[in-house]
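Shown here is one chain on its own, the form predicted alone, set out as structure tokens.
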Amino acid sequence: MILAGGLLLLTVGMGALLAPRLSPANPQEIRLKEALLPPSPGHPLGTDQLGRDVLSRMLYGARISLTVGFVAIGLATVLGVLIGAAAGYAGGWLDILLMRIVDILLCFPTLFLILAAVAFLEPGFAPIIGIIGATGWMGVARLVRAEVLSLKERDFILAAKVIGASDTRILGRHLIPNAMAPVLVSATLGVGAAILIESALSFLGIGIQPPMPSWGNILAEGKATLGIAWWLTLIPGIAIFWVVLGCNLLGEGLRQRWKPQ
């Protein structure tokens, strides 16, 4: 399962990395005379309403979608680890305060929080990353807090306190590294969820803005020509499914590998 998920993600990652070499055309070059051409040797995935090559846009869109997924979840993971570790290690009023904030935020649907945040910001690449990251840390915080509560009473932590190790050293060198296994599984699954959220926002017109290609806005552009240009919706849909499936397989494989026996 880990191998299958890794291979799925690797193929997309290599396509995104080699986009300048693999793209048959400039992804933003408009050629109205070649609008809505079906897949052919010259345009392996066809063209869109403006004559832009869909394969080129998909490859460059992979860069955008993967960057949003990994960077946003990286940001969420860092926030969740710091907040969860602080709550679990400090305990007392700080733990109560932070966990009540987490409980309140978890009461709201994630998409609702994101839409509310988008209303106050201009749609774009950096704001979408920040919004997804800032609304996705709560589950990680609860995971890390639970792990830290379990670990901080272990003998090796008590020994570190006895020899005079500072709280910062205990957290950074002992507690957080030993609490990272479930966090990595959660982050792997979260990448797929972040890509889905970005695609949904771009599809609604409040995510990545044209002419910058992303799988979500390519999908949205194909909506108007669904009856005559099936490739404009099928291809980005398959790409999103491919990446999310890869993330889920990899995350599930890691969960089974690290599951306590």
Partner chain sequence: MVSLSNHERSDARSPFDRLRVNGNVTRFSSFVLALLLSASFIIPFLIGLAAAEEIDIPVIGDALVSASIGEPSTLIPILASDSASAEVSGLLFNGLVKYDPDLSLVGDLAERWEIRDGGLEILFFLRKGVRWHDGVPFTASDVQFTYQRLIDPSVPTPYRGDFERIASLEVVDDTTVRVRYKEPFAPALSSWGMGILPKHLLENQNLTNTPFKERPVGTGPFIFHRWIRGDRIELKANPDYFEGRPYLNWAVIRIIPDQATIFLELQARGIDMTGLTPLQFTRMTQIPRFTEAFQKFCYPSFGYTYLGYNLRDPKFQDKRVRQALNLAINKQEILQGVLYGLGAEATGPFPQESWAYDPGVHPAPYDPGQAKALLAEAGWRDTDGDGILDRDGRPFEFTILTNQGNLARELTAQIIQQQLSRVGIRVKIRILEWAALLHQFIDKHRFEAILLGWGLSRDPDPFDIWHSSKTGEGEFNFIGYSNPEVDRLLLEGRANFDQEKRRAIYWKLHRILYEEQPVCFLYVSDSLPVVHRRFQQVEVSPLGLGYNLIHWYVPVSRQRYQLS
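Worth saying up front: this structure is predicted, and the values here are computed from it rather than measured. Residue numbers count along the first chain shown, from 1.
The protein also exists as the form predicted together with its partner chain; that form is not presented, and the subsequent description refers to it.
Practice prompt. Please pick, from 126, 121, 159, 78, the one residue with any non-hydrogen atom lying within 4.5 angstroms of its partner chain in the predicted bound form.
Written response: Comparing distances to its partner chain in the predicted bound form, the residue within 4.5 Å is 121.
Practice item. Would you please decide whether residue 211 lies within 4.5 angstroms of its partner chain in the predicted bound form, comparing each non-hydrogen atom pair? Key: Contact check for residue 211: yes, within 4.5 Å of its partner chain in the predicted bound form.
I'd like to know whether residue 227 contacts its partner chain in the predicted bound form, with contact meaning heavy atoms within 4.5 angstroms. Residue 227 belongs to the contact set for its partner chain.
- Message: Under a 4.5 Å heavy atom criterion, is residue 221 part of the interface with its partner chain in the predicted bound form?
- Response: Contact check for residue 221: yes, within 4.5 Å of its partner chain in the predicted bound form.
| Closest heavy atom of residue 205 to its partner chain in the predicted bound form, within 4.5 Å or not? | Residue 205 belongs to the contact set for its partner chain.
**Asked** From first to last in sequence, which residues of 132 to 149 have any non-hydrogen atom within 4.5 angstroms of its partner chain in the predicted bound form?
**Response** Contacting residues: none.
Cα-Cα shift for residue 222 and residue 190, closer or farther in the predicted bound form, minimum 3 Å:
Relative to the displayed form, residue 222 and residue 190 draw closer in the predicted bound form - a change of at least 3 Å between their C-alphas.
Which way does the C-alpha gap of residue 119 and residue 136 go in the predicted bound form, closer or farther, given it changes by 3 angstroms or more?
Their C-alpha distance grows by at least 3 Å in the predicted bound form.
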